[in-house]
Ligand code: C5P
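In structure tokens, the next block holds one chain alone, the form predicted alone.
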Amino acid sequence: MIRRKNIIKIAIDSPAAAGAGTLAKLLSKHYNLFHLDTGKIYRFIAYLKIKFPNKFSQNFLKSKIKSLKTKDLASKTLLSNNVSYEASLISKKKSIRKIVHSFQLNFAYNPPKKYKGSCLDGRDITYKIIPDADFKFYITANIKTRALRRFKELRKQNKKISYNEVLKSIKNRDKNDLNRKISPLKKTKDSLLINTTNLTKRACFLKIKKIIDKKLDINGNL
């Protein structure tokens, strides 16, 4: 695997709806980094399994991942509760994680040349995908806050769902993410904990930016 030298690598882990994806996008835009929401890859696979149950296989999946573009991960369809729950089950499978792993590594260590580096968020980024990341963060928030955020997000898409249904889904997702045997969600000792429960998106961004800027020179390089 090709590894670009002197690039900025940011690794972010978090439970569902803690705000990691939003922060990763803001950081990526500010520092000109390639952003990859790794959780969306598993959501994409879950969507494929739901939509193509009879075609779903290792070869089918490999071909889809090989041709996968980041814009494919932006579909609002991937945010549904059914896709979310299926993704938490799929992510437990070693064979699927192996396929996704190489895809993640490529973008982490060899982002397109127009970017100064990469910023990945997910569940096992800080210790499995980019263990040598320059910056590691664990983003969290209390479960009711996370459920409310996801509920509002889904309602904006005119999804007919109750807050209690979303809360139950988040609880199930947490249980699966934290307890799976392969690459479970966990905070590493060298990851900085950021609790977003009582912080705005802007406040969270500025808090992390301050930490990152301390290690960068005036040109925004390490």
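Being a predicted model, the structure only gives us computed values, none of them experimental. Residue numbers here begin at 1 and follow the sequence given.
In what follows, reference is made to the form predicted in complex with the ligand, a form of this protein that is not presented.
With a 4.5 Å cutoff on heavy atoms, Arg173 counts as touching the ligand in the predicted complex.
The ligand is not drawn, but in the predicted complex it has a heavy atom within 4.5 Å of Tyr42. Residue contact with the ligand in the predicted complex: Thr38 places a heavy atom within 4.5 Å of it.
For the chain shown alone, Arg97 is a contact residue for the ligand in the predicted complex, at least one non-hydrogen atom being within 4.5 angstroms. Of the candidates Ala87, Ala133, Ala147, Ile139, Ala87 is the one whose heavy atoms come within 4.5 Å of the ligand in the predicted complex; the others do not. Contact annotation: the ligand lies within 4.5 Å of heavy atoms from the stretch 175 to 183 in the predicted complex, the single such stretch among 65 to 73, 49 to 57, 159 to 167, 175 to 183.
For the partner-free chain shown, Gly122, Arg123, Asp124, Ile125 of 109 to 129 come within 4.5 angstroms of the ligand in the predicted complex, judged by any non-hydrogen atom.
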